[in-house]
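For reference, the chain that follows is the form predicted on its own, supplied as structure tokens.
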């Protein structure tokens, strides 16, 4: 049985789903996306993802005619129709279909697409081993805070990582780690977590926000600043956060072993807290 996908108000078998060849998401990458995790058949922190969706759409003047309530309902129906227990729901909204012209067309309806992917998040094999990361030049545009569907820079970084036998890439600009190709990058020194400040240089991570909200439950502190590649190589621990990785240990960076090549206690404690949060419904108070 094929997956059921959502396209502009219809729930369809994936083989029957169609989008216009004139859709601006296809021609110009004129669109925004979000991915919400699902655990135990329940959405994890979906409201926060939809808030970020609204912000990203606002930054490019893309109309979003659906309310959060309507979008959550569509997410939940997709989970139900696909019997999804663990995985993610991908949402993409584009400006819509019109004859090719760079300027925004008038009076067209945005395109809305959702699909699901079954994934093993909680017991992923890399939780026990950590992931291998390599660095790659940050080739992206200047508005990285907008979750645009234009991901060619990230594709090239991820492909480079795959060719190097690594799991992921950290992007570097002017000697400073920007973020992961699809995640927030962190290092640990003692009981201090370090990650760069939010700006147009990075995507404001939803899982990052959740992790920071948990710090009151721990004796960890947070230092919000940039860090260099050299500092990362010398860190006691490193990890990434994202909607699909949760909190994932990094045990190798550019071939250099981090924390003796095993996931560190700080990272594992944060992951434990996050998974517990996700199992309970994943909604911050």
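Residue numbers count along the first chain shown, from 1. In this text, all values refer to a predicted model and were calculated from it rather than measured experimentally.
What comes next is about the form predicted together with pyridoxal-5'-phosphate (PLP), which does not appear here.
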Within 4.5 Å of pyridoxal-5'-phosphate (PLP) in the predicted bound form, all of 121, 129 and 271 (non-hydrogen atom): no
Residue 135 within 4.5 Å of pyridoxal-5'-phosphate (PLP) in the predicted bound form, heavy atoms: no
Any non-hydrogen atom of residue 205 within 4.5 angstroms of pyridoxal-5'-phosphate (PLP) in the predicted bound form: yes
Contact test in the predicted bound form: residue 184 vs pyridoxal-5'-phosphate (PLP), heavy atoms, 4.5 Å: yes
4.5 Å heavy atom contact, residue 147 and pyridoxal-5'-phosphate (PLP) in the predicted bound form: yes
One residue of 33, 222, 26, 66 in contact with pyridoxal-5'-phosphate (PLP), assessed in the predicted bound form (non-hydrogen atom, 4.5 angstroms): 33
The unique member of 82, 94, 154, 167 whose heavy atoms fall within 4.5 Å of pyridoxal-5'-phosphate (PLP) in the predicted bound form: 154
Heavy atom contact within 4.5 Å of pyridoxal-5'-phosphate (PLP) in the predicted bound form, the stretch among 213-221, 234-242, 54-62, 255-263: 234-242
Within 128-142, the residues that have a heavy atom no more than 4.5 Å from pyridoxal-5'-phosphate (PLP) in the predicted bound form: 140
